[in-house]
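This document starts with one chain, in the form predicted on its own, laid out as C-alpha cells.
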Amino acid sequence: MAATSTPSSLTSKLRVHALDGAVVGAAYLGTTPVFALAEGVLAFAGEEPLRVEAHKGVLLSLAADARSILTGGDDGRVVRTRGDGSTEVVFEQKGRWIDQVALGADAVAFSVGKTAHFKPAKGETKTLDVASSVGGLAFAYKGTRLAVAHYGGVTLWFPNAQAKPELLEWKGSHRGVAFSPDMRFVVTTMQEPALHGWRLADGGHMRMSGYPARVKSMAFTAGGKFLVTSGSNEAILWPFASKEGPMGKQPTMLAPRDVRVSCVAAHPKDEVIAVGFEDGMVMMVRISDGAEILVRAPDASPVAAMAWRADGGALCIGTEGGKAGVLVL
C-alpha cells in the first residue's frame, strides 16, 4: 500500500449547526457553545438551542470567560450575557460604537473612540483617553492592569492605582493585544502584516514580521510556550519560553497549505492547536511533531471564530457563512 500524507479525520464527529447570520465570535459558557452573530444575536448551541438578542444592530466586539460573554455593538451598548440567557446592560451611550471589550476577574473594560473605560464590580467607572481610537484591550491575568492598544503603541493602565499610565511606544497602528500567561510580555497585532512585542521587565522590543497578510488571530498556547498566529498559509508559532522571547529565533510553522489561515485557537491544557482556514477547513495539530487531524472539511466559507471548552474536551467552530460545528472529543 502506498504511503499517504492525508491526515486522519474527526469530521464524522462534528455536530453541524446552521445559523442565520455570519459568525463573528465563539465561546463556551460552562459546557454550552455560544456563537456570536454579526447581527447582534448570541446563538446558544446546547441541548436546548437559544437565541439571545444582545444588540439592536451590529455586534462589534466580544470577550468571554466561563461565566459570561461581554459584547459591544454599534447600538452604543455593552451587554453581559450569562449561561441562562439573561442579559445585563453594563453601559449605554446612544450614537456611539463600542469598538473593544475585555473581561477581567472583577471588572470589565470597553472602549468608545479614543476613550477606554474600566468598570469594576463595585465602585465607580474610570476612563483613560489615548492618542487614537482604541485598537485592542486586554486585562492582565492577575490584578487589574489593563493593556490599551492604539496608534503609536500600548498604554499599560492601573485604574486602581495613582501611578501614571505607562506608554510602550512603537510607531504604527496597534490592534489586537495580549499579555503572555506568565506576564513577561505584551504582544500586539498591527495594521501592517506584523506583530510587535515588549518585554515588561526592561521594555525591550520584539519585532515579528515576514507575514504575507495582516494577523487577525493570535493565541498563547498552554503555559505560554508559544504564540500561535494566523496571517500566512500555515500556522506560525513564535517561541516565548525563554526570557528573550522570540528574538533571534525562527518560528515553527505547522499545517502548511495553499490557503491562508484565518483563525487559530490554542488548547487550554495540551500543546495542541486548532487551525482554521479561509476555505472553511479546520485542522487539529499537535505541536511536538506536527501531527494533523482533519476536523472540518473545506466548504469555501472562511473560519471566523473558534473556541475550546475550558477542560479542552470540546471545540466549537463558526464561519462567515453562518455555519457552525461542535466537536466533542
Partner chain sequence: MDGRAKPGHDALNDWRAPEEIETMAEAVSEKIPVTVLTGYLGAGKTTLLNRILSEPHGKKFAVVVNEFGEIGIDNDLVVGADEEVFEMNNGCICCTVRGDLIRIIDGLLKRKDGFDGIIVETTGLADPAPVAQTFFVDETVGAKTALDAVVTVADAKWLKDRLKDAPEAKNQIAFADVILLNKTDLVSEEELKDVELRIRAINPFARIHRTQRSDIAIDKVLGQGAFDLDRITAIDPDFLEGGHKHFHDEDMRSVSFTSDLPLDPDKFFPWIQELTQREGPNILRSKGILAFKNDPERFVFQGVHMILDGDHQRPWKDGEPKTSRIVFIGRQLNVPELEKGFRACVA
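Keep in mind that what you see is a predicted model, and the values were worked out from it rather than measured. Residue numbers count along the first chain shown, from 1.
Not on display, but discussed next: the form predicted in complex with the partner chain.
K.L.:
In the model of the complex, is there a heavy atom of the partner chain that lies within 4.5 Å of any heavy atom of residue 175, even though the partner is absent here?
P.N.:
Looking in the model of the complex, residue contacts with the partner chain include residue 175, since a heavy atom lies within 4.5 Å.
K.L.:
Is residue 256 part of the interface with the partner chain in the model of the complex - any heavy atom within 4.5 Å?
P.N.:
Contact check for residue 256: no, nothing within 4.5 Å of the partner chain in the model of the complex.
K.L.:
Can you tell me if residue 88 lies within 4.5 angstroms of the partner chain in the model of the complex, counting non-hydrogen atoms only?
P.N.:
Judged by the heavy-atom cut-off of 4.5 Å, residue 88 is well away from the partner chain in the model of the complex.
K.L.:
With a 4.5 Å heavy atom cut-off, would you call residue 20 a contact of the partner chain in the model of the complex?
P.N.:
Residue 20: yes, in contact with the partner chain in the model of the complex.
K.L.:
Heavy atom within 4.5 Å of the partner chain in the model of the complex: which of 243, 82, 207, 142 fits that? Just give me the one.
P.N.:
Among 243, 82, 207, 142, a heavy atom within 4.5 Å of the partner chain in the model of the complex occurs only for 207.
K.L.:
Tell me, which of 136, 73, 251, 120 has a heavy atom within 4.5 angstroms of the partner chain in the model of the complex?
P.N.:
Here the answer is residue option 251.
K.L.:
If we take heavy atoms and a 4.5 Å cut-off, which stretch out of 183 to 191, 219 to 227, 101 to 109, 155 to 163 is in contact with the partner chain in the model of the complex?
P.N.:
After filtering at 4.5 Å, what remains is 183 to 191.
K.L.:
Report yes if all three of 24, 151 and 211 come within 4.5 Å of the partner chain in the model of the complex by some heavy atom, otherwise no.
P.N.:
Every listed residue reaches the partner chain in the model of the complex, so yes.
K.L.:
For the heavy atom contacts within 4.5 Å of the partner chain in the model of the complex, list the residues of 75 to 103 involved, in sequence order.
P.N.:
Stretch hits, in order: 96, 97, 99.
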